[in-house]
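Shown here is one chain on its own, the form predicted alone, set out as structure tokens.
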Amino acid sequence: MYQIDLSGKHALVTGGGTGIGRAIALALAKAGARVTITGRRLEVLEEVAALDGRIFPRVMDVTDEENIRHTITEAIAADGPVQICVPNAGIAETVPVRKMSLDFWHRIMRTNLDGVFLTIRECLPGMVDEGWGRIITISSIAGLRGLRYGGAYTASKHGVIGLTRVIAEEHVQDGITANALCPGYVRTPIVERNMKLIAERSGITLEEALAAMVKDNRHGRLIEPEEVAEAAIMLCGPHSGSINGETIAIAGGQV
């Protein structure tokens, strides 16, 4: 793990109880930051918090604007302005566009795009006041190209990249950077669930479903959450200020 000292920094990671969010939260805490993790299941968050005394769990629903505002206000009151914001919470479900309902579309957007926007919005004033901030959004390789049957998911992840680039431009003189990580298929509970769904729908084995997923990772294997966390930590480093408005693909090769 790339070693830096984030002592005195307050980080917020949404969806911090599992997968990529969990790995990033643990990495930030190891680097010395005080880390607020949020999610919908307190017991899962508490399991992560038990691993490091610098991690603090808070229940938050990223589809609820007032809940986001209230939770982040409480976190700031407890641990100071959020200087590292990782809006990671997201859902990944697939439906062909021709069969997609508007309700399905809205549900994906509320979590994957609205939740990212609202989380960042509530953290930005403190970053401006501090004159330093790091916003690290979690997009996807689907944010860089089209994902078959993933119309809503793909659109939401493209939207995350667009939002990230706008924030980078708006705060380029404020000591704040905004960058998007774009992982391929990562070994997370979401991917494991989708692998089972693919196997059931297609009448194939789990091994065949896994092979179908990882073929889009250029090195032919699932990415570990810690590999994504490594990139997030790098973006918080002392010489990271000139990396801004970028999309960083983590997919084992060129996307």
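Heads up: residue numbers just count along the shown sequence, starting at 1. Predicted, not measured: the structure shown is a model, and the values here were computed from it.
There is also a form predicted together with a small molecule; it is not shown, and the following applies to it.
Remark: H70 does not count among the residues lining the small molecule in the model of the complex, judged by a heavy atom distance of 4.5 Å or less. With a 4.5 Å cutoff on heavy atoms, E226 does not count as touching the small molecule in the model of the complex; it lies far away. In the model of the complex, G133 stays away from the small molecule, with no heavy atom inside 4.5 Å. Mapping the unseen interface onto this chain, I198 falls outside it, with no heavy atom inside 4.5 Å of the small molecule in the model of the complex. Checked against the small molecule in the model of the complex, the candidates S140, Q83, T177, T164 yield a single residue with a heavy atom inside 4.5 Å, and that residue is S140. Residues of just one listed stretch (97 to 105, 71 to 79, 165 to 173, 179 to 187) have heavy atoms within 4.5 Å of the small molecule in the model of the complex: 179 to 187.
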